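Given next, in structure tokens, is a single chain: the form predicted on its own.
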Amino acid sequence: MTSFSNTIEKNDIIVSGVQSTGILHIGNYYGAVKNYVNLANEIDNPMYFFIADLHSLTSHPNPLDLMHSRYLTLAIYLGCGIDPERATIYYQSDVYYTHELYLYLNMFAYMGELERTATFKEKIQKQADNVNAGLLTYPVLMAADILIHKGTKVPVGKDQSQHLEMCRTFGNRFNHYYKKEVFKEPLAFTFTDNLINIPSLSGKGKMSKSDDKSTAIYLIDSDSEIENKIKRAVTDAGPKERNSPLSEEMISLFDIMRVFSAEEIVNEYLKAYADCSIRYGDMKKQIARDAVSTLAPLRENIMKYISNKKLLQDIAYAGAEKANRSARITLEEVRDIMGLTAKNINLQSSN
């Protein structure tokens, strides 16, 4: 199981990213982006927050859709409050050194462990007609994203914890083989005691950008869209007996309620479920009111950035420059250690 920490040391380097396929939803926000914002506002450590457009290619997105998603994800990063003066924000594809490190790390990743990865098993079920090598080596690219900056703390969602453990494994194998500590062991970072996982409105599994749009609350959804989605959230038929255990669907709905509503309100509805007096319509209206109150200011700020394409382009360009400066230092060290440069080699004449 991946180790995680809720402390940052003065020498820590923070690295994380979010895929640019689709539109970011509240699961992405509470599981990752909100952590980025808190970090950027509270500490002065080096921070690299990227938009994972290369990871998105495993699903073969339409090029125009991918360009739009990249642009939209950058606007959401900024609209949620990440300050580009305090954190380096960039498109993953703009840092070419990452691509090269990805190649080298593949030599330290074994087929068996990649095939056993939980997300790979899940993906091949969802896209059985497109089981490409990029899906298999997804954890290797994620490792390259982190290790290229020698990251030590990684704000990630719960579903990425296995990938982070593999990142530690690949880095350690590289260090052991070349007998030099090039890479530190990155730890998952969270401000809470547990990594956050926001459930789907379908009542099954986690919220996902790739599932039906009605099952996720997106950060740019209008007030009415939020209200309608929560109104249609899946529930059970209602408790039949006092103190009945919560069904899977109601566990999910209460987890969503905890995101937006005060603890005393949640407890009030839990008590109503226990004594069979709960009214699901009232509960959903409560969640919707609290969700709109929380998300409307975020949406308004995001829209300000969406309307300023030139500013977004300038921020992405500046971020890529800073990220490439950091990545180049690491890659030059890696090449030298692997024997891929002519440094310290005496080339004798053949005569």
Ligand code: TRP
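Quick note: we count residues from 1 along the sequence shown, nothing fancier. Nothing here was measured: the structure is a model prediction, and the numbers come from that model.
This next part talks about the form predicted together with ligand TRP, which is not shown.
The closest non-hydrogen atom of Tyr138 lies within 4.5 Å of ligand TRP in the predicted bound form. Contact check for Gln160: a non-hydrogen atom falls within 4.5 Å of ligand TRP in the predicted bound form. Contact annotation: Leu253 falls outside 4.5 Å of ligand TRP in the predicted bound form, judged by heavy atom distances. With a 4.5 Å cutoff on heavy atoms, Ile146 counts as touching ligand TRP in the predicted bound form. This chain is displayed without ligand TRP, yet in the predicted bound form the stretch 52-60 from 298-306, 312-320, 66-74, 52-60 comes within 4.5 Å of it by heavy atoms. Residue in contact with ligand TRP in the predicted bound form (any heavy atom within 4.5 Å), chosen from Ile89, Ile198, Ile230, Val156: Val156.
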